[in-house]
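First, one chain by itself in structure tokens, the form predicted on its own.
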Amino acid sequence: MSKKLYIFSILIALSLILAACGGAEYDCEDALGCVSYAEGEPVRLASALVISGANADLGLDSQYGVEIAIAFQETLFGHEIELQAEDDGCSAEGGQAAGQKIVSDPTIVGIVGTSCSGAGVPMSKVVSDAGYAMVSPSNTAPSLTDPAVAWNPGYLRTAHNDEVQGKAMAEFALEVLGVTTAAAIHDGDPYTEGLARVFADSFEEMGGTIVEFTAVNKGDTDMRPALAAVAAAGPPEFIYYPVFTAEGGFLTKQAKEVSGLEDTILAAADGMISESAIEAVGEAGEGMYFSGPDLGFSGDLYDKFIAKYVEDYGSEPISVFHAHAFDATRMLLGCIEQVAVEDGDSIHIGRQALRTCLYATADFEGITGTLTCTEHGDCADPQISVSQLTDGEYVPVWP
């Protein structure tokens, strides 16, 4: 009997030693579960941005913003921060694939992505269903934060909503350029169609006339049929085609070849603000207009950001959403800091707690402005500007 008691005492002592050394398992009470990192394990984020192909400048610019935010943060509770970079392909298929790959890894706590709204629609569903949180730096389609259309819990963005951009471009066309007739062209992507529709509706509400609202297909190289239809319907004084680089290049060059459109003012949007887009439009793009986020950022933080960008990547920013990606990453890291539970040298982050913190973001001082999130994830302090392509450079002209 005394031998059994001795063995039992030894077992109790061992269990107490294990508990004292952190052997006891953390009791996660979060509704969506917890991500735990033991001593020495890095906190893991993922990005899903378009980092290859014709639109790579758009995504790489944001990727650099994410990396700089992580470099400025350095660590969380003594844990390194690791980034897994995926390519959203700027397509529904790419977004679906990137989302599925990311959520198959339970060690990833949060996501910055996607670049393109077309990728964001399916990926946000995958991410939401898995209980993760994602913050996009450049999805601007109104549908993504509309619960009646495509919003999913866990999705937020630091980019503006194109309800703002489309209206701003209509105002610029009517009040600054003085045009009264316009056409809009999209390619069926949620971003391009949504922005073109808001522009067209706003233009007419302000007293203008939309002579044609039409579409091309992604991957098309011959845009003449759509452009001929536009010319036959008007021709309009102004054409707005908020598409991406490849299609935008063909539209710009071929518009100059269609009878009736020789003197029509051409305009695009932030999906075509990059060195690649300048090359794609060539000489035909001289003088055309581009709407997008106002990049007139200032302050010590932005100065440090730019210095780091140039130091690490060898150039000034190559597109327009680098600061939005920086702010998205800092929001995510800030909420991880707020909700993480320290357990010795380990930390535990509740997925629902992280979502709740992100949606509660208010008066967050970012490079892009003061960010406050709505219940459906619109967090931007939206400022829109228009630039004109002049001698191979985007020159801000409005406001």
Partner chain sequence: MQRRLKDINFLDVVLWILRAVIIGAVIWGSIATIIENPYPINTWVETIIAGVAQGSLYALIAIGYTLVYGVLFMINFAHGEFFMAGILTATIFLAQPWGKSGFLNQHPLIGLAIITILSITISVGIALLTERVAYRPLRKAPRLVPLITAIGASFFWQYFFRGLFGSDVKGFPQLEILTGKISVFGILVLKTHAVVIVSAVLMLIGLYIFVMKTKVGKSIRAVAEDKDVAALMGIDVDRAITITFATGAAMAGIAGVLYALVFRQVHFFMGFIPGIKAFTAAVLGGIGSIPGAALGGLLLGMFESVGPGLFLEGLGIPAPHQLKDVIAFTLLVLILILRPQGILGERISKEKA
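Numbering follows the first chain given and starts at 1. Computed from a predicted structure; not experimentally measured.
Keep in mind that the form predicted in complex with the partner chain is not shown, yet the notes after this line are about it.
Peer 1: For a quick test of understanding: in the predicted complex, does each of A85, A97 and Q100 have a heavy atom within 4.5 Å of the partner chain?
Peer 2: None of them does, since no heavy atom lies within 4.5 Å of the partner.
Peer 1: Would you kindly say which of I210, A130, V258, I81 lies with a heavy atom within 4.5 Å of the partner chain in the predicted complex?
Peer 2: Residue within 4.5 Å of the partner: V258.
Peer 1: Heavy atom within 4.5 Å of the partner chain in the predicted complex: which of S319, T245, S291, N161?
Peer 2: Contact with the partner chain in the predicted complex is made by T245 alone.
Peer 1: With a cut-off of 4.5 Å between heavy atoms, is D187 one of the residues that contacts the partner chain in the predicted complex?
Peer 2: Flag for D187 set to yes.
Peer 1: Give a yes or no for G314: in the predicted complex, does one of its heavy atoms lie within 4.5 Å of a heavy atom belonging to the partner chain?
Peer 2: No - in the predicted complex, heavy atoms of G314 and the partner chain never come within 4.5 Å of each other.
Peer 1: When the contact criterion is heavy atoms within 4.5 Å, does V341 count as touching the partner chain in the predicted complex?
Peer 2: So V341 does not count as contacting the partner chain.
Peer 1: Considering only heavy atoms, tell me if R224 and the partner chain come within 4.5 Å of each other in the predicted complex.
Peer 2: The answer is yes: R224 has a heavy atom within 4.5 Å of the partner chain.
Peer 1: Please determine, with the chain shown alone, which of 71-79, 258-266, 293-301, 151-159 has non-hydrogen atoms within 4.5 Å of the partner chain in the predicted complex.
Peer 2: After filtering at 4.5 Å, what remains is 258-266.
Peer 1: Any residue of 235-254 with a heavy atom within 4.5 Å of the partner chain in the predicted complex counts; write them all down in order.
Peer 2: Contacting residues: T245, A246, G249, F250, K253, Q254.
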